[in-house]
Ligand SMILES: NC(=O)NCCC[C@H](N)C(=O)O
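One chain follows as structure tokens, the form predicted alone.
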């Protein structure tokens, strides 16, 4: 097994504005601007050495661009989700086909389990899973059954203030969990926790080499990360933020495929 840098993405539906919002008020969304922002996000991944693979669009699903929720990948195994939001379940089939074509071994979350990929934060072999509105206890059990035989340690943590676990926290390359404190249920659940000054500053995608893909809406958090020796790579995802989206939601990163 060697390190891979493949990002699964899916272009936004023209119906993006009809997507689900749970913890924020609905705002008007400009679908044309969202498409341009998505294209810039994909371009940033490519610029920093990632191969992007597009799952087939699902224009009938307004939330389909948030492709991370369709699965969790550990090593070369993809656990295809069963979204807690029933309207999102048609999103998984095309995403599953895309990672199957890349050589992933595929398992699926089965009824009555629910699990969405945005609820799962991997730090090395520790897999944190948010138990909240979209992921239930049976989903956590099936995640554990799929990945503990591969050497993962699955840790369930509460999520009640935001949509998904990764709406509240992600992690820096050294494993430090970062989050905006008012939205984190239990910072003590993580061995190392660094508070950030903006909600969208809690979301980073690790591009490699200390580079952090993050929202342009968090300049103070970017300055904090730069002071810690990292290189922020800001992208404007404002139209997706209106739909409770963030930089992590817009891709599935495949780092450990057999290539």
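Numbering follows the first chain given and starts at 1. Small disclaimer: the values here were computed from a predicted structure and weren't measured.
Just so it is clear, the following notes concern the form predicted in complex with the named molecule, a form of the same protein that is not shown.
Chemist: Picking from 59-67, 229-237, 35-43, 210-218, which part of the chain touches the named molecule in the predicted bound form when contact means heavy atoms within 4.5 Å?
Modeler: In the other structure, the partner sits against 59-67.
Chemist: Just one of 163, 71, 169, 143 has a heavy atom within 4.5 Å of the named molecule in the predicted bound form. Which one?
Modeler: Result of the distance check: 163.
Chemist: Please determine whether residue 118 contacts the named molecule in the predicted bound form, using a 4.5 Å cut-off between heavy atoms.
Modeler: The answer is yes: residue 118 has a heavy atom within 4.5 Å of the named molecule.
Chemist: Is it the case that residue 134, even though its partner is missing from this view, gets within 4.5 Å of the named molecule in the predicted bound form, heavy atoms only?
Modeler: Contact with the named molecule, yes.
Chemist: My question is simply whether residue 17 lines the interface with the named molecule in the predicted bound form - judged by any non-hydrogen atom within 4.5 Å.
Modeler: So residue 17 does not count as contacting the named molecule.
Chemist: Examine residue 82 and determine whether its closest non-hydrogen atom to the named molecule in the predicted bound form is within 4.5 angstroms.
Modeler: Flag for residue 82 set to no.
Chemist: Output the sequence-ordered list of residues from 238-255 with at least one heavy atom within 4.5 Å of the named molecule in the predicted bound form.
Modeler: Residues within 4.5 Å: 243, 244, 245, 246, 249.
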